[in-house]
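Given as structure tokens, the chain that follows is alone and in the form predicted on its own.
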Amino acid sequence: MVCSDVTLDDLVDFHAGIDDFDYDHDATIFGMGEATEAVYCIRGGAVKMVRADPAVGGRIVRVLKKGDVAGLESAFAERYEHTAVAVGAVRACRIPIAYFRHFVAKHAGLQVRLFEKSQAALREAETWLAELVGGTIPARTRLARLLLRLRIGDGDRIHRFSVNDMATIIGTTPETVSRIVSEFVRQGLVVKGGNSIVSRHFRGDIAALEKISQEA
């Protein structure tokens, strides 16, 4: 994911230190304030990044999907800046932090790649605040934007978060989110799928959601 400029021989050696882990829905991968022990490359599922907030107990500040790296912003710090929580079933590669730092120190190309990843994460956080959180933008518009950001790849499947999580993200009440989701379902904009909490998702009318996401 971040090692495209590293030679195959180096990657073979690097992968000797990586383990695959499966996490159940709502499992904590690491906690805010805990000692940084590893970074996690997300291979499947979604992970919500949560910061402590005395007003609401915890605020979701970003969502990671397949191809993202959890803990990257803390890779050269002593403690994690967020709590990482699995949404649905999650598979991730765990790279011990000492091994990760040593590998990065040896490969200048990887250092550039990590800088690019860090910049992308910063832009994502800024976009998250500007497009999704509160303000005068209608909740219906913000929810459509959120669903588009939770899209899985280029298809019509969308990670289906709980009503409470979606309300926390866009800064409104669970009742409001429930009402809007019901409206979207009635209009055929989203269809609920999955038979369990670990596999549930939406199938969305992406073009229609994109149109709503532009409403002011």
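Predicted model, so just to flag it, every value in this text is computed and none were measured. In this text, residue numbers run from 1 along the sequence as written.
Note that the form predicted together with the DNA isn't included here; everything after this is about it.
Residue contact with the DNA in the predicted complex: residue 171 places a heavy atom within 4.5 Å of it.
Although the partner is absent here, residue 201 sits far enough away that none of its heavy atoms falls within 4.5 Å of the DNA in the predicted complex. Within 4.5 Å of some heavy atom of the DNA in the predicted complex lies at least one heavy atom of residue 164.
A residue is said to contact a partner when one of its heavy atoms sits within 4.5 Å of a partner heavy atom; residue 104 fails this definition for the DNA in the predicted complex, lying far away. Shown here without its partner, the chain carries 117, 127 and 211, none of which come within 4.5 Å of the DNA in the predicted complex through any heavy atom. Contact with the DNA in the predicted complex, defined as any heavy atom within 4.5 Å, is confined among 31-39, 59-67, 174-182, 146-154 to 174-182. Between the options 110, 75, 139, 93, the residue in contact with the DNA in the predicted complex by a heavy atom within 4.5 angstroms is 139.
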